[in-house]
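Single chain ahead, by itself, as structure tokens, in the form predicted alone.
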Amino acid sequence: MLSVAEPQSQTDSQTVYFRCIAGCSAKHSIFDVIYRCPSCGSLLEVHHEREPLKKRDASQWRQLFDSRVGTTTWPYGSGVWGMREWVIPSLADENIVSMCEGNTNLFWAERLGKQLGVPDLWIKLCGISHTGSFKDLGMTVLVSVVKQMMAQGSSVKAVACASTGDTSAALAAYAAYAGIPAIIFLPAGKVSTAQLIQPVANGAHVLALDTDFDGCMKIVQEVTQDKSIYLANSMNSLRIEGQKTVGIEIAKQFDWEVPDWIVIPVGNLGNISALHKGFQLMMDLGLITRMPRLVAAQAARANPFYESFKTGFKEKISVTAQNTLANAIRIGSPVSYEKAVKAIAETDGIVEQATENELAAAAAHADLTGMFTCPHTGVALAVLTKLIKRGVIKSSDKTVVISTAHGLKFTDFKVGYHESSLEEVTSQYANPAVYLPANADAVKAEIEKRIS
């Protein structure tokens, strides 16, 4: 039976609040139904006042967080809620909706790293989570806050999101666990079967719309103007609070040392914004002394952030996202653009792109060393390969690639690759099954041909 933690101080709600990323002075309660600054329309962020957190020094924070890994004391066994004081400390225990997310493996990709020329290569396997993607980290926070809002008499009756697949799976699962209705807007025909069935199985109200993700996003923003339906996309900065723990976990798993590079596939840009936010908090509290360089990896057929980077971020560029194997990042007008620009600027970061052939080859190459990568991780690995070849990432650099989802969500991609049926892809690593008669001589002949 789980033991329960001590109640959190109610004064925490006065030191953690929404504020405008553009610098407007107003503060807003994290329990208000609000997504943008009322004054200027910019996105909000959850801000933690630093002085109360400095009552513990860096060594005390490290010791506290290290001590909670694997605990059965609720809710600290979660990788997110094990850092509760840095997330949403004022939530009541009974309103935290957690399925032990986080604490995912930081996998030493020794063989792949040696082949690429960076032996100190690590893959953060965020797909080893309840619904199979890093989106669980943000959704545990958002749904927990909604549950507390409803317990306090809020008008919120349901949660809603637009999704390319993984967000909908996470929202549907956590909402089902909490007993909150979920409404899902998906672009019809543009998500994998595995991604589609997850919210269906969890009882969400799934609406497949004849548009792309950006079209779904416009509609969900219109629908959630009704304050009884709460917006769960990453423009809601509660999601970022959970997702920022990825960066903190990485530092913790390296004994509170910082890697030289972190490469992450990006679409709506909430994930790289969250990564930066986690590292900035550790910097401010003295747990680390430098930032990693962040690399945003985009599919070339859905590359607005890359196009903006090429101009020095003079303006936000939007594109009409084209069909891509990396369908979860098929986004042409990313919502968290301003936050992501800050993340790249403050970490001397880079934005790079990968073609369909490059991402498929990188994923297949990684699989041959024991992984099972999703196409989005393939984008990150392809970008990593480019930066190594250009000499930007050096052989001595400690490098982390964020694997955002589990490869089992994208078996159609895997089958298509090994059957050499993917458009614009040359399947150089194809390894299709061989069909033989039930004859020992035929089997022996095939084995000899293959391993001689």
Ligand SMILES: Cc1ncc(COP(=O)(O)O)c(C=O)c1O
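Computed from a predicted model, the values in this text were never measured in an experiment. Position 1 is the first residue in the sequence shown; the rest follow in order.
There is another form of this protein, the form predicted together with the ligand, and it is not shown here; the text below is about that form.
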query: Residue 166: touches the ligand in the predicted complex, heavy atom cutoff 4.5 angstroms; finding: yes
query: Non-hydrogen atom contact residue 30 with the ligand in the predicted complex at 4.5 angstroms; finding: no
query: Partner contact for residue 271 in the predicted complex: the ligand, 4.5 angstroms, heavy atom; finding: yes
query: Heavy atom of residue 329 within 4.5 Å of the ligand in the predicted complex; finding: yes
query: The ligand: the contacting residue among 138, 267, 378, 247 in the predicted complex [heavy atom, 4.5 Å]; finding: 267
query: In the predicted complex, segment of 204-212, 321-329, 78-86, 222-230 with a heavy atom within 4.5 Å of the ligand; finding: 321-329
query: Neighbours of the ligand in the predicted complex among 120-134 [non-hydrogen atom within 4.5 angstroms]; finding: 134
